[in-house]
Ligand code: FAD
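Next up is one chain by itself, shown in structure tokens, the form predicted alone.
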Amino acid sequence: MAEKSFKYVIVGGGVAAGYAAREFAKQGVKPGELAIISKEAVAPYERPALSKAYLFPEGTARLPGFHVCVGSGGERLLPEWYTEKGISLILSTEIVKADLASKTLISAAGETFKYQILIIATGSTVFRLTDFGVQGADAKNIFYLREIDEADELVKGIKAKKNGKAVVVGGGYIGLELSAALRINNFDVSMVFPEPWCMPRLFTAGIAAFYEGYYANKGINIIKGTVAVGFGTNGNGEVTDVKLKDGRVLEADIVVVGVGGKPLTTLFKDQVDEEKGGIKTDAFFKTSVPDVYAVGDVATFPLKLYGETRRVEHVDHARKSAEQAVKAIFASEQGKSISEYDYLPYFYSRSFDLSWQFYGDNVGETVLFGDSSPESPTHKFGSYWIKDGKVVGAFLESGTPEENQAIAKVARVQPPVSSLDQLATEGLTFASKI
């Protein structure tokens, strides 16, 4: 097969690739210089939609509605946009070998791609229960959610098993969002996870108590402190039940698994420095290999605000790191300099009529404020994290845009606090004064 050459290649076609493409266009990339190589069959899209509006029974989100960059309020980049800009969008093409020394990528079909500058934007993949040898985990109607093809399969399953029983394995982001989506689809939902409360990587026990109570009020059965150890099947190979470690058996017409993910770095193993499970980069997302950048989920980068290196799996960082890398590439070519990446960690979620945002770091002591009763008519409550006498993180449920900006500012400024009791009493007022 003929070899294809490009000045710039982005490997991976997710959120980061789309936002990088937009920044390349802004910086004046010339037609024919840039290629995006993606194993997915569609142009880059806003992945968070898959666990939210894509699954709703009415008013569902469908492409082309959520191609990047609509998730941050920007122009929607339809497939034609890439053509107009002279960007080669090479879809349904999986790269199976990368040789960074010779600047060569090889696809599963045997195609060869050469580049001068590479951006690694391969993202993450989900852990599957088959990876852990869970009995029956290869049954039909056990779903995962990372890519649009998987979302389409789940939608088919929801329609085929209308008003049935669903078991969601995992109590993190995916577990909470999909339990809500399935309940909205009128499924009888059970959510199973081993931790003492949901979303333990971010939520405190106090925050989690609100969501667990709220979900229980919506009819979701929450089962904590155990895991799925096996699945029963019928003659068609479809899942019929979920066997739990504590001996319970839950009937299930469909199962959705959300037990975490891992960055896709295997292609570059032993070719590039790694740290904390990702590819080590500097504040411009340059790796240890010249002309190779890594962005989004795969990058372990210096988090300036806290003076340490971290890997962040979130759409906000995927967008911003991609833009930073492209700016850095053009600045380097022009002999200019740009500011270092100075990221404020940000996470958010939406389910039912709830919507929370978190900024900063969730370390130190915590203060819960507002009305955190699951029966609250407003749902407005939040939490601060205090370390070394300073507020370092802030969480808010059902905030207005102005209130969310206020808690973001608190997390960035890290104001001193003298009394935790006073902070609990002041609540949002504290943030609005900063």
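Counting begins at 1, following the sequence as shown. Just so you know, these numbers come straight off a predicted model, no measurement behind them.
Same protein, other form: the form predicted together with the ligand, not shown, and the subject of what follows.
Site annotation in the predicted bound form: the residue of M199, L303, A137, V315 reaching within 4.5 Å of the ligand with a heavy atom is V315. The partner is absent here; in the predicted bound form, the one residue of I37, L34, A394, V367 having a heavy atom within 4.5 Å of the ligand is I37.
Although the partner is absent from the chain shown here, none of L176, G360 and K390 has a heavy atom within 4.5 Å of the ligand in the predicted bound form. Among heavy atoms of T240, none comes within 4.5 Å of the ligand in the predicted bound form. Within this chain, A20 is remote from the site of the ligand in the predicted bound form, having no heavy atom within 4.5 Å. For G278, no non-hydrogen atom is located within 4.5 Å of the ligand in the predicted bound form, even though that partner is not displayed. The ligand is not drawn, but in the predicted bound form it has a heavy atom within 4.5 Å of L50.
Stretch-level contact analysis of 76 to 84, 183 to 191, 282 to 290, 295 to 303 against the ligand in the predicted bound form, using heavy atoms and a 4.5 Å limit, identifies 295 to 303. Contact residues in stretch 9 to 36 (any heavy atom within 4.5 Å of the ligand, taken in the predicted bound form) are V11, G12, G13, G14, V15, A16, A17.
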